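Okay, here we've got a single chain as structure tokens, the form predicted on its own, with questions on binding and movement later.
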């Protein structure tokens, strides 16, 4: 996920074509049962597999901290070394740009006693043509939306006199951060192809656009959404050490000691700590993969990259299930003699669909039948529906458990460098993103893996907590804790 937005998990479906059935051509009749058994075997995550993943994650983190390019994990320096304390006062803004919408937010902070006095936010959809326009057009549109939002400031919101408005900028695209308030765009992702921004400082782009709009505001902090989530959660709870986003994509960041980051080359922070964005979506070491993962990866826009993300995040779980069902339909006649055209359409089955099927407790699995018919264009009886739920469960169980192993890997790395400071006391992992929030089985599998790896006693100290939409307010809090005033 290189600094990419990973929050939203409810992807809009690609419009399904009407089913145009085609005959199943089978070289030899294979029943569905062996395909399912083989899948379950390949996706299995027993304790030794989880342990290997956690150890490899910790080792890759070390290698990525030693030197840029040292491992699959980029281990990006966030330049955040002052964390929100609760003492922050005043009016601060946040802008969150990470996909086809951007969100603007303001917050009035009242210090230790009053904390967050008031917040307001607005969401603006970015017109399609601006995603392919010039840098100036896009940032002018954003600055204009921000200016309109600022004009409505009133009520409980007031700026202390003699101050300029300050803003925290959550920019969830690949950026080479150069300081707390500057970063060079490496490339646009997620369907954006804006000309004239790559190689430029995105903060300068926004500041210039705000100036053109006559908006008296300046960026005090540039962060990615995972770093924002960590800051937002830490404001309320000092024990928060890690933040993980599991949505369309995924990433994790954590609080690191600056004296164990060789690639910092002596640049020490005042606090002796900073936040590192692991970019863990690129991790690939020792993952239990299937032919369906390999085929999906080969057909993707970034073959061989983001393998962990493709195994655990919301964008891909539904597609892996679809590929399994297609094989079962073609080789084992799961849905009868015909394979619907729709089932052959990549990404037609989305993670919200498999989540809804997974929640079905009815006697005849009616919701499963309805989704299979409406989305994939196939009819099913009860035994077929049970098989489909088994497939969903197999893929989601692997994803949740691997995500849990990744979290333990991060905690393990922190523990190795600060004996007992992690496992010996309460440590909070702040979680956000639609996949984690909306998929109860995924959440359960993730937590079970953490408990299995740490053991009952030690896992009592590790609190995995949902921190809803923490990244927006987190960016405003980082603007406050890095205020120029």
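Positions refer to the first chain, counted from 1. Between two forms, the rigid core is defined as the largest C-alpha subset superposing within 1.5 Å. Keep in mind the model is a prediction, meaning the values are calculated, not measured.
FYI, the form predicted together with ligand BGC isn't displayed, but the following is about it.
Student: Site status for ligand BGC after superposition of its pose in the predicted complex: open, or blocked by 3 or more ligand atoms within 2.4 Å of backbone or C-beta atoms?
Tutor: Blocked: 3+ ligand atoms clash with backbone or C-beta.
Student: Check, residue by residue, if 88, 167 and 232 all come within 4.5 Å of ligand BGC in the predicted complex, counting heavy atoms only.
Tutor: Not a single listed residue reaches ligand BGC in the predicted complex, so no.
Student: By the heavy atom within 4.5 Å rule, which residue out of 173, 254, 308, 92 makes contact with ligand BGC in the predicted complex?
Tutor: Comparing distances to ligand BGC in the predicted complex, the residue within 4.5 Å is 173.
Student: Please identify the residue among 158, 190, 364, 112 with any heavy atom within 4.5 Å of ligand BGC in the predicted complex.
Tutor: Here the answer is residue option 190.
Student: Quick check on residue 279: any heavy atom within 4.5 Å of ligand BGC in the predicted complex?
Tutor: Yes, residue 279 is a contact residue.
Student: Just to confirm, residue 320 within 4.5 Å of ligand BGC in the predicted complex by heavy atoms?
Tutor: Outside the cut-off, so no.
Student: So, residue 80 and ligand BGC: in the predicted complex, are they within 4.5 Å at any heavy atom pair?
Tutor: Residue 80: no, not in contact with ligand BGC in the predicted complex.
Student: In the predicted complex, is there a heavy atom of ligand BGC that lies within 4.5 Å of any heavy atom of residue 399, even though the partner is absent here?
Tutor: Answer no; every heavy atom of residue 399 is more than 4.5 Å from ligand BGC in the predicted complex.
Student: Pick the stretch from 337-345, 241-249, 211-219, 141-149 whose residues have a heavy atom within 4.5 Å of ligand BGC in the predicted complex.
Tutor: In short, 241-249.
Student: Between 225-246 and ligand BGC in the predicted complex, list the residues on our side with a heavy atom within 4.5 Å.
Tutor: 225, 226, 245 sit within 4.5 Å of the partner.
Student: Following rigid core alignment, is the displacement of the residue 97 C-alpha between the shown form and the other one equal to or greater than 2 angstroms?
Tutor: It does, since the residue 97 C-alpha is displaced 2 Å or more between the shown form and the other one after the core fit.
Student: 2 Å or more on the CA of residue 186 between the shown form and the other one, with the rigid core superposed, yes or no?
Tutor: The answer is yes, as the C-alpha of residue 186 shifts between the shown form and the other one by 2 Å or more after core alignment.
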